[in-house]
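Form predicted on its own, single chain, as structure tokens, below.
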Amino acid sequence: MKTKSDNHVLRHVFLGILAAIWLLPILWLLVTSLSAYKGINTMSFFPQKWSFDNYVQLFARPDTVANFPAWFKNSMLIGTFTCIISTAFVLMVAYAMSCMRFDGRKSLMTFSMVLGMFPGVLSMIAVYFVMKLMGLTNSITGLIVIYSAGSGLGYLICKGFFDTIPASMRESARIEGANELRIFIKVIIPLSKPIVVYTVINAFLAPWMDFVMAKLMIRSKDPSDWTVAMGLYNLVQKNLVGDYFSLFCAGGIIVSIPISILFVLMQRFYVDGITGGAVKG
């Protein structure tokens, strides 16, 4: 008969196997990025010769194919500005839907939820032609506009968190003469650090990792105009993979570092934000 401790052991063994399966590709990416061989090594898991040259080449020796500093700068600019604008939009829309009452509020919430169910790829061609008419294709500004414009539709989790804040706190501030803006900045935001962190992380991740929209909007043949996702994808094309695959792996490791650090530092707030926002809808 199995005891409770046996079940715990089996559970942890199973989780350990799953963790090993999940970490194996990441480990392979890391060891390949440290290989002295530039192509794909199919003979062994670990490289025969180790080298940091791929990381040095990424930053110190950019060429006409692999201009990683320019890619990283473009993606960082897009991610940072999108993060700031999208976070502001999401928090303001969530506050309006949660804490304010106006005609058509519920209908607007229902419409936004239905609209959010449609995949974004359905509107990509229309978005491209609109941006082309505005002269915003092939530009960082255009991508920031696209990533930020519809961000307010992602207000639902944030609204759920705002719903948990007692209305009496807003009423007390209103009695003391505070307007809606002051209540939002001085009362709601300080009490909502978990959901603010959650919103910031999501707002940064979307443009940082996106390939499809960036590829559609940036039509330039100059690698210095590309984002990290576009540039790394180009390195694994059939005619380049033999000379740049290890460099591609090194780029993948570098790109993951800012996100990993952000998650480690903000993990507690991130989890609190998700669970807090799920209390009420």
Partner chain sequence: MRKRFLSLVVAAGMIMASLTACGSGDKNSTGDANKNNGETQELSDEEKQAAIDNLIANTEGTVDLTLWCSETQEYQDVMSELVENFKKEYKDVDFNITVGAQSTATCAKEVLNDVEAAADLFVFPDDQVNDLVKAGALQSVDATFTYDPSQTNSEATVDAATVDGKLYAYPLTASNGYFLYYNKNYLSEEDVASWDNLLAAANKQGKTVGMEFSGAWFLYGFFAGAGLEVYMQEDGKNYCNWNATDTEYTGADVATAVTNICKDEAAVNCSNEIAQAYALKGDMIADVNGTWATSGFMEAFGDGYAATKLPTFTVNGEQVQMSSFAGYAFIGVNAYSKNTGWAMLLAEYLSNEESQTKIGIATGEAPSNLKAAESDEIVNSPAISALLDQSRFAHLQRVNSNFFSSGGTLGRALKEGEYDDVQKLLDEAVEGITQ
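Keep in mind it's a predicted model, so treat the numbers as computed, not measured. Numbering follows the first chain given and starts at 1.
One more form of this protein exists, namely the form predicted together with its partner chain; it is left out here, but the text below deals with it.
Proximity of 76, 83 and 186 to its partner chain in the predicted complex is absent: no residue of the three has a non-hydrogen atom within 4.5 angstroms. Its partner chain in the predicted complex is not approached by residue 68, whose heavy atoms all lie more than 4.5 angstroms from it. Its partner chain in the predicted complex comes within 4.5 Å of no heavy atom belonging to residue 50. Not displayed here, its partner chain is approached by residue 135 to within 4.5 Å at the level of heavy atoms in the predicted complex.
Residue 37 belongs to the set of residues with a heavy atom inside 4.5 Å of its partner chain in the predicted complex. Taking a 4.5 Å heavy atom cutoff to its partner chain in the predicted complex, the contacting residues in 209 to 226 are 215, 216, 219, 221, 226.
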